[in-house]
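Just the one chain here, the form predicted alone, laid out as structure tokens.
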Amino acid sequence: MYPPKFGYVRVSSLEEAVNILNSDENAKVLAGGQSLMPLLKLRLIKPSYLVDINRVPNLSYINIERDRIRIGALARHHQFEINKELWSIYPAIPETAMQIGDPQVRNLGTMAGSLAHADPAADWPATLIAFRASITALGPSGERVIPIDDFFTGPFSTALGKGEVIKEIVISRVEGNVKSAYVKLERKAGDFAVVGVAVMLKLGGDGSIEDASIGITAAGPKPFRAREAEKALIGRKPTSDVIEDAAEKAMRESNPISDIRGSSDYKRYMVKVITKRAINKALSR
């Protein structure tokens, strides 16, 4: 199917993009385009203009600093996949990137674009929830910071307001012995997740879990943080019984729907299975 007719504007700054988006609510941002183009071809959206930000300079960075990781709006999935320093400190991040789509999608698609699209089965949200990231949005009134827990408001819906674009994603670094993993169940390589679970654990000197954060995707109307499962881990040593209890709680917190990837009951049970695998994988590192 051919996409509908639309205008095209190539901007040289995010401020220029904000001005266009603020004056025309039907304009859409074009970054990697890996979510946008299928929607156009299926005529599920009919934008007035595509606002191409790909020529805006200095937005493709992944800056690993002492206390935080700063990610620009045009950082592509592949950049995370091949980042050796990320594999060393937070392997769940490149591990997420390498499971997204196919090489073409990973070479063009962006983390920021995936977040803005807010597909409830996308991979990045689970991992960024587990790392308690924040989103810096630029809009007509300037910049504002949105915690990742408040960013997703429903299926394909975010807290971004009129004229706002994602400028940067920030992950605060956690000191100490930190383990992480992202485990995805998919029907075939490159598919969206049946269930995806990201885990970040901080271990104390005696082996107990001082802090835990669990993000889950494809198991509800929007990605979510499994807070009861986290509570089941914090302050305890990660025995098989403790992990089983946390996974059970994650399952109870989920609310998946039945679709072509499985029934709601099947997906709910898979939340338990994949949560247990993600915790064990993180601990094994």
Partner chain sequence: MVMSTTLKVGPEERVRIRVRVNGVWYERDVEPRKLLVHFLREDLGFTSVHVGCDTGHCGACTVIMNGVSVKSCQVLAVQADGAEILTLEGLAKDGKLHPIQEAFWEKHALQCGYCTPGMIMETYFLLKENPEPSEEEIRRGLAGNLCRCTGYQNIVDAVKLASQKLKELKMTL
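Residue numbers count along the first chain shown, from 1. As the structure is a computational prediction, the values presented were derived from the model and not from experiment.
If you look for the form predicted in complex with the partner chain, you will not find it shown, but the lines that follow are about it.
Under a 4.5 angstroms non-hydrogen atom cutoff, the partner chain in the predicted bound form lacks S157 among its neighbouring residues. Interface membership of D245, defined by any non-hydrogen atom within 4.5 Å of the partner chain in the predicted bound form, is ruled out.
Under a 4.5 angstroms non-hydrogen atom cutoff, the partner chain in the predicted bound form has P38 among its neighbouring residues. Although the partner is absent here, S60 is not a contact residue: none of its heavy atoms lies within 4.5 angstroms of the partner chain in the predicted bound form. Contact annotation: the partner chain lies within 4.5 Å of heavy atoms from the stretch 29-37 in the predicted bound form, the single such stretch among 245-253, 64-72, 224-232, 29-37. Across the proposed site, G204, S208 and V273 without exception lack any heavy atom within 4.5 Å of the partner chain in the predicted bound form.
For the stretch 36-66, the set of residues having any non-hydrogen atom within 4.5 angstroms of the partner chain in the predicted bound form comprises M37, P38, K41, L42, R43, S48, Y49, L50, D52, N54, R55, in sequence order.
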